[in-house]
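Take a look at this single chain in structure tokens; it is the form predicted alone.
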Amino acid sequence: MAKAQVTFADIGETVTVSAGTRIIEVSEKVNAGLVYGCREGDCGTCIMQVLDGWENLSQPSVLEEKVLRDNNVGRHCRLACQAQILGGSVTVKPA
């Protein structure tokens, strides 16, 4: 299975994961600062800022785009519970 790397800028840790892993799953394992409420893309608690590697994440769903829009977040923000890393590397931090 293809591998990818996720760097959590808030704790300075990089983790190698399988492609297709959701960012929130990795965050929980390394105790990064990304917190969540529902894990289903409804609450917007896990909004994160993507600092690098935006192109290596899955496309946001219609629901995720709505939640991001409703929370008036910046252009490079995603929901950690919905964003999957597809390959390469990505650097994130809590928004």
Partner chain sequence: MTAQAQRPINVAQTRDAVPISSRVHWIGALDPTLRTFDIILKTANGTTYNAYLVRGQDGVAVIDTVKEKFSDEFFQRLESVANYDDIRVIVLNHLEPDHTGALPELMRRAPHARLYISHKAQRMLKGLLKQESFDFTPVTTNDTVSLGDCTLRFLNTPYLHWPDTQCTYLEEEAILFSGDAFGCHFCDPRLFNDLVGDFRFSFEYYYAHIMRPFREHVLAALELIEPLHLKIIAPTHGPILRDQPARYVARFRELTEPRLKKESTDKTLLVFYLSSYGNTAKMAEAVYAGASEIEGVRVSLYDLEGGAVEPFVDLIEDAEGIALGTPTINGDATKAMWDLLSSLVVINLQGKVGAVFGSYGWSGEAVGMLEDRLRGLKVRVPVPGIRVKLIPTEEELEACRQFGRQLAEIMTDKQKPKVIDFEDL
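Numbering follows the first chain given and starts at 1. Here the structure is a predicted model, which means the values were calculated and not measured.
Note that the form predicted in complex with the partner chain isn't included here; everything after this is about it.
message: Contact with the partner chain in the model of the complex for V15, defined as at least one heavy atom pair within 4.5 Å: yes or no?
response: Yes, V15 lies within 4.5 Å of the partner chain in the model of the complex.
task: Consider Q5 of the chain shown here, and say whether it contacts the partner chain in the model of the complex, taking contact as heavy atoms within 4.5 Å.
output: Contact check for Q5: yes, within 4.5 Å of the partner chain in the model of the complex.
- prompt: So in the model of the complex, does V26 come within 4.5 Å of the partner chain, heavy atom to heavy atom?
  reply: Although the partner chain is absent here, V26 would touch it in the model of the complex, with heavy atoms inside 4.5 Å.
message: I'd like to check something about Y36: if you look in the model of the complex, is any of its heavy atoms closer than or equal to 4.5 Å to a heavy atom of the partner chain?
response: Contact check for Y36: yes, within 4.5 Å of the partner chain in the model of the complex.
- prompt: What residues, if any, in 51 to 69 have a non-hydrogen atom within 4.5 angstroms of the partner chain in the model of the complex?
  reply: Contacting residues: L63, K66, V67, R69.
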